[in-house]
Structures are given as structure tokens and as C-alpha cells.
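A single chain comes next, written as C-alpha cells; it is the form predicted on its own.
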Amino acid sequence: MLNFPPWKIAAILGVCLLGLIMSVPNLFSRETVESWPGFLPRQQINLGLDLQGGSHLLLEVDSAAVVRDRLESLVDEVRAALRGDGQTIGYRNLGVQGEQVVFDLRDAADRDRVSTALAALNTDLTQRQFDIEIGDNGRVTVGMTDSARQQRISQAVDQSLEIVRRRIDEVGTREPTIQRQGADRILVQVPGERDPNSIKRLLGQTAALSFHLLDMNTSVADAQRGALPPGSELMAAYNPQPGQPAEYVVRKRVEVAGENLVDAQPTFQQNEAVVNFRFDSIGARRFGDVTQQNVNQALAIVLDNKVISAPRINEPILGGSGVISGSFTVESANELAVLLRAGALPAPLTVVEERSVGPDLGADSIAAGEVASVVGFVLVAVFMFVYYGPRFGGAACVALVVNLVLILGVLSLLGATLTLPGIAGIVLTIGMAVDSNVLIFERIRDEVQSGKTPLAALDSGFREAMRTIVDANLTTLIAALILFYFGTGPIRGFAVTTGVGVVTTMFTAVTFTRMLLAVWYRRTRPAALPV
């Protein structure tokens, strides 16, 4: 048990040296580390929201909008079903009322045909999606079932979660926390973000982009008086500027949708900030057809039902790319490009809770943690020196320092986020490391008192205590894994530091300390162990 060949000592010291190298970047600022040569490690432990401050937002998905959108699309499906068999079923007043699609049959004798036609709407074999009722007066109502409504909202929340993640990642934020909370809410925590309004601007827009033709035959004044053709609507300008129209009359038909957009980048054109966009092959073909068939017409670029700009088509645009201009600043052009690249939200998000965590609280916590760690380490070192002597107490203190260095090195290598609960996990595992040394030394002391030789006492002490140490740490490691799997946010941070600390504790207590005492024993060959 105390046989340590040179290769084994070199391997143990190599692990310690690697941990030291990986933990060194945490002693410098991020700017300093970024300037280091490429071959040097740059990974640092990321500080969580509670340690470096930042923005905390709780967003709620507009469930009513999700259901309304589904019902509006259901209107088209119902209309297609009533015309699907080649023998059109007469109806009138088709539209959305409340949370149902409603229409009246022109002939009550069509009840059976309607029932057969609408039954095709329930295409999901696992659950019924729509409740269909036909009254005696010929009034037909089609409504979503509760399970279908919940499934639709859940899918919208999942999709919103992914879009929010893309938008936050696009601005280069490090280690944000983005997770679902409850049925229709999303928690967003962005460490280091001092301006929560910029996050709200980024997440507060649906970013549904579409291209419409302007209605050149209807003036805004006529539209404001209510003289709107059936296929047109009045839309406000996105960012109205003096001397430019505040409203536009646009065709309702979407010529090209933003879902075909594959890239958007801010750039400059004639000393103005603009956004350059590019379509996929399908979008490029549609965009080319629209611009080819409508030369000299105005094409409105619409974002969230507001017209960004309405340039005139001077010639066909067949390359699949274009430019959005609209009196942008550099910041607003960059934000629009981010929104377009990330995609559109399926429903608007509402901020229901907003908190800004200042960095002072985190700085105070870090300073208090440093003081507590130093005081605790000194007290533990004094106790170990006094109770177990300089040889064994010194070995325990060196192992404690190595344990802390390895924890920081592994956390840096993993790019883990350190929070206040994470610091608690580190302190807990340091205490467990001391406990492990105490268990070993007490066992060695018992072996010495039973009359064994120093070498036999050392060997027996490590061997017998190791089983207890492994059992205790293994159960703690299992608990940490369970916390990591089921926990979220700070709970996971605690689980990560505890799990890493357990592994490094077992290494330093069982292997590193034993190596130190083995080397000391081989060099000194004491007649009695000073423990």
C-alpha cells in the first residue's frame, strides 16, 4: 500500500500541476487572460448572477394569442374542408367567436355532410383535437379540446424557449440561465448584464417579418375614413420620422414570409445603418417572382405588423438578398439583425417579474467568502498541527490546499458557473477532506496503540480507513448526481461543486496524503510515528 514507484509519484504530481495550471487564469481579469498567447489556458470559472450581478426576468407567453392564432388558421382549414369533396357545402358567417370557430349552414339538411367533412380535422390518432357540435338551427361550432389547447401552449413555450436562447446567445452573453417555469413562463437570468431594458427590447418583440405590396390605389386619408378595400389594411410605421409617413395602406396578402430568411447582418449603405438579409432558395425564388412581377410598385417590409420601410421596386431582385433601411442607429440595426437571425416568437412575451441584481452584493459575498475561507483554513491548520503534529498535520494541510486548487482547476476546465450555493458546496467538500484525514490518522493512531510497527500501522491505517472514506464520499456523490439531474439553476451549481469536490477529496485524502507520508517514511525510517 505504501509502495510508490517514481512513475506513480510523477503521475500524481502531474495531476496536481495540471490542476494548478488550469486554476491560474482565475487569478487574473478576463481582459488580461484574453490577451494571453493561444497555448496558455484561458478558461475561467464563470460567476453566477448572485456573484457578479445582472438581470433577472420572468417572461410569460401570451397563451390567448397562441390559441387565437390556432383558431384563425382553423378557419382556413374549416373552409377547405367544406369545399373539399367537390360539392361545396353552403355556409355563412364563418369566423372566430370567443374560443371557437363558428358558422351557419345555409341548408340544415347538410348536417351529415358537414359532420363527415369536419371529422377529417381530427387527424391526431392519439387524442381528439377538436370538439364539433351542430345545433338544430344549423349553427356549427368547432372548438379546441382542453388537451389540444394545453399541448399547443406547451409547444409554443418550448419554441419560445429556443428562440429566447438564440437571441441571448447572439449578443454574446456568457452563461445565461434560460429555463421553463410552470406551464407558460420562462425564466431568464443574464449575469453581467447591467441594462435589463436591452434584454427586454431584445425579447419583447415577436420579430415576425413579412413582405407585402403597398395598396397604391387607396390613400391613407381614405383608409382612415374607413374606405378600405377588403384585401388591404392600415398599418403604422415602425419608427416614424419627421417628413415620412406615419401609416401605410398595405395588401393583407403576405408575398414572402420571414421564415425563409437565413441570414441578416447590420451594415452601412450611403453612410446609413441598414440590415442586409438573405433568403433560402425557396424565399429567393418567391422574392424574385414578386419583384419581377411588380416593378415600379412599392414593397412594404413589415415587422410585427408595423412597416419598417416601403421602397419602390426599380428592377427585379433575383439574387435572394436585399437591404432593410429605416432610419436605424447602429445599435437598433444590430438588434434587428439579431432578431431576424434568431427567428420569430410564436407568441408575444410579457415581462411579469423584473429584478436587477447589483454587483455590490456579489462582491460583498465573494469578499466574505474569502475571509471565511482564510479564517477557516488557518483554524483547521492550527488544529491539525496541534492534534496530529507537524508531520501528519502538515501533510493534511498540504492536501487541503491541493484539493482546493484541483476543485478550481476542474471547474475552470468545465467552464462551470459559480454561485453562492456553489461556494457552499466547495466549503462543504473542504470540510469533508479534513474529515477524511482525521479518519485516516485516527485509524493509524489506533494501529500504533495496538502495538504494530510504524510501517504496518501506516499501511493498515490507510487501507482500513479507505473503505469508510470511499463509502461516505460515494453516497455523497450519488446525492450530488441526483441534485444535478433534477435540480435547476443554483441547485445544479451546488451539485457540480459538491460532485467535483468529492472526487478531488478522495484523490487528495487517499492518494496524495498517502504519497506524502510514504515518501517521508522511506527517507526518515522513524522508530515511532509522531501522530
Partner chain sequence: MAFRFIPDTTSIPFMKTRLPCLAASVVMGVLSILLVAFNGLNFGIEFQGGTLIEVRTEQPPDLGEMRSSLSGLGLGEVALQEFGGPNDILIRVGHQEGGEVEQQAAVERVRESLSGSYGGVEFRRVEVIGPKVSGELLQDGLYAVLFSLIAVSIYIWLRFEWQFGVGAVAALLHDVLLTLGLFSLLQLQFDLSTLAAILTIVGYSLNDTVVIFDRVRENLRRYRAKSLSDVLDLSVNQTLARTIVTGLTTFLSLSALFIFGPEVIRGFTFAMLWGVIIGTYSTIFISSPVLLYLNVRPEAAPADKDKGAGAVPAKANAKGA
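Positions refer to the first chain, counted from 1. Note that the coordinates shown come from a computational prediction; the quantities given were computed from them, not determined experimentally. If you superpose the two forms and keep the largest set of C-alpha atoms that fall within 1.5 Å, you have the rigid core.
One more form of this protein, predicted in complex with its partner chain, exists but is not displayed; see below.
Proximity to its partner chain in the model of the complex, defined as a heavy atom within 4.5 Å, holds among 271, 137, 93, 449 only for 449. A single residue from the set 58, 33, 506, 67 has any heavy atom within 4.5 angstroms of its partner chain in the model of the complex; that residue is 58. No member of the trio 252, 324 and 413 reaches its partner chain in the model of the complex with any non-hydrogen atom inside 4.5 Å.
From the list 106 to 114, 260 to 268, 434 to 442, 218 to 226, the contact stretch for its partner chain in the model of the complex under a 4.5 Å heavy atom rule is 434 to 442. Its partner chain is not shown here, and in the model of the complex it never comes within 4.5 Å of any heavy atom of residue 39. In the model of the complex, at least one heavy atom of residue 350 sits within 4.5 Å of its partner chain. Although the partner is absent here, residue 394 is not a contact residue: none of its heavy atoms lies within 4.5 angstroms of its partner chain in the model of the complex. Among heavy atoms of residue 328, none comes within 4.5 Å of its partner chain in the model of the complex.
Contact residues in stretch 502 to 531 (any heavy atom within 4.5 Å of its partner chain, taken in the model of the complex) are limited to 531. The two forms, fitted on the rigid core, differ between this form and the one not shown by 2 Å or more at the CA of residue 388. In the core-superposed comparison between this form and the one not shown, the C-alpha atom of residue 63 has shifted by less than 2 angstroms. Core-superposed comparison between this form and the one not shown: the CA of residue 251 stays below a 2 Å shift. Closer approach of the C-alpha atoms of residue 485 and residue 56, by 3 angstroms or more, is seen in the model of the complex than in the present form.
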